[in-house]
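Consider the single chain below, provided in structure tokens and representing the form predicted alone.
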Amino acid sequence: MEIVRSHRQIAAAAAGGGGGDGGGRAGGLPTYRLAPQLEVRLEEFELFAIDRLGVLKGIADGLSRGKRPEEMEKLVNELWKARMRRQDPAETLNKDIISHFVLRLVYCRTEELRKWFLSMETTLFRYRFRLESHESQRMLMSEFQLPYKALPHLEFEAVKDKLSQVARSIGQSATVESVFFKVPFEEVPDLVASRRVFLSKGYAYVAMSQVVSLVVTQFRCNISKALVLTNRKWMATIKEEEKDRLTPIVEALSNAYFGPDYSQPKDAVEISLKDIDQLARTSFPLCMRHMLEKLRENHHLKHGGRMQFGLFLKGAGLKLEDALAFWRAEFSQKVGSERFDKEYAYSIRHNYGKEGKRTDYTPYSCQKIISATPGVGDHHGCPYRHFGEENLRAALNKMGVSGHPLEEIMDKVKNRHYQLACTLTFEAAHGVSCDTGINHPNQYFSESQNMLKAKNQAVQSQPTT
């Protein structure tokens, strides 16, 4: 796959079978065996990857929320239509193949990244495979070179009653499917673990409707090996050769945030100094509540905390003049007003684009905050990642979160679903569902304020008796 700056026509032939097609079939589901021999514009290299990443992150959120298989199938279909589908099926296939290989490059670089990408791509493939016709599914089995043939009629009749028992035990019709494959049981570990197949003498009898497990096992194995090989190529040649062009894009994509930047509050909303403590109690996410508490307590925050909290307040609508007054009121209690003006006021004006290069700095996203590494005496970062269990429970209790919602949050934290833990905190604190998930502290604040305003308007509109 060659990346070019000028506009070049992407060959529709990439959808056909053969050597460098990424394992694509016209209008079908690619197997991504080989990188496509295509020329790709630099803009598409990034934009295609961003769209696919939106699909994978939506899948990750659905899984971490414990959605049922039928809900996941609907979610994957909706995500794919919204982010990946184009009017021309050939263009959709091109985008599919290119975006996969771009993200393979992005996520090959560490074990943690490889593990996440492998899991999400496998899940995506699983649900897309289910939407294929039986004929297409058999073609895919052939492409994966799976050595299994349909069970002969005589052997099928010999085990038909056993197959019927398994079908009834998992709530399916007693009418047994007519096409089964006899495979070594270790090839379908998910079906064996959930007791959804008949086992005999080391073999599992897999129905055509279950063959997705067989194909997905091979798909996962192929992608896992390919990620390791891609990482070797990345470290050996690509990273250095593309240091001025692709490398910055690749390194940024794995931690990229694609939502609103909140550099300016929506609808010109402003907050005042006198409202900050009340707003913190009702609408600040836990990370910002914690830093405000420590600022009030110690009259000081280290640089990381000043950046994270200061930019959040800016995005929430605190004007520069009020920001200077806010920080001066706290810091002067510890360092004095004169020292504050000399050592700290400049950085606050700098964050508002009034000093230095006049850059209008944007508030930190959840991903940036989670990836921080706070040191001793620091109070920035993500509480769900950086707090100990006891401190996190105490902080959540202060927000009024307890009982079952608290245990759900702690379970997500243990599984390292930090943004979902924050989303569940929002839902528990506000008594509403947040289907979009929390991806940014200022999103938390904005949605909280909108919800509270809607409640107040509803109360005011009620007739008095």
Partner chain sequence: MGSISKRPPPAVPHGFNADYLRIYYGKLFPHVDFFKWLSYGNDGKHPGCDQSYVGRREFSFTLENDIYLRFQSFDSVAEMENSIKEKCPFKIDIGPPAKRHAYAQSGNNVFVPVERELIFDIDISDYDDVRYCCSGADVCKDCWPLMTIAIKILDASLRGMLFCNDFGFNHILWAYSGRRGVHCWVCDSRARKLNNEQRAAIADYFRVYKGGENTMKKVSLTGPVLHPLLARSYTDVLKCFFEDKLLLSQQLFASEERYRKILDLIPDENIASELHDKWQGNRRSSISKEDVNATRWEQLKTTLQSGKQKAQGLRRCVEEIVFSYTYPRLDMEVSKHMNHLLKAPFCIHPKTGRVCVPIDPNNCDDFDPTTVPTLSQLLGELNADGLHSNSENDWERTSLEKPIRFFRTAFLQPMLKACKEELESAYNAKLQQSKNSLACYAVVLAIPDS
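Just so we're clear, the structure is a prediction, and the values are computed from it rather than from any experiment. Numbering follows the first chain given and starts at 1.
Just so you know, the form predicted in complex with its partner chain exists too; it's not on screen, but the next bit is about it.
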Which residue among R168, H134, R245, K160 has a heavy atom within 4.5 angstroms of its partner chain in the predicted bound form? R168
Sort through R104, K314, K95, H290 and report the residue having a heavy atom within 4.5 Å of its partner chain in the predicted bound form. H290
If you check in the predicted bound form, do N222, A325 and K354 all have a non-hydrogen atom within 4.5 Å of its partner chain? no
Region of this chain that lies against its partner chain in the predicted bound form, out of 178-186, 70-78, 84-92, 142-150 [heavy atom, 4.5 Å]: 178-186
Would you classify A193 as touching its partner chain in the predicted bound form, given a 4.5 Å non-hydrogen atom cut-off? yes
May I ask you to check whether V215 falls inside a 4.5 Å heavy atom distance of its partner chain in the predicted bound form? no
Check L199 for me: does it contact its partner chain in the predicted bound form (non-hydrogen atoms, 4.5 angstroms)? yes
Would D378 sit within 4.5 Å of its partner chain in the predicted bound form, counting heavy atoms only? yes
In the predicted bound form, residues of 312-336 near its partner chain [heavy atom within 4.5 Å]: none
Are H380 and W116 closer or farther apart at the Cα level in the predicted bound form than shown, by 3 Å or more? closer
Do the C-alpha atoms of I59 and I370 sit closer or farther apart in the predicted bound form than they do here, given a shift of 3 Å or more? closer
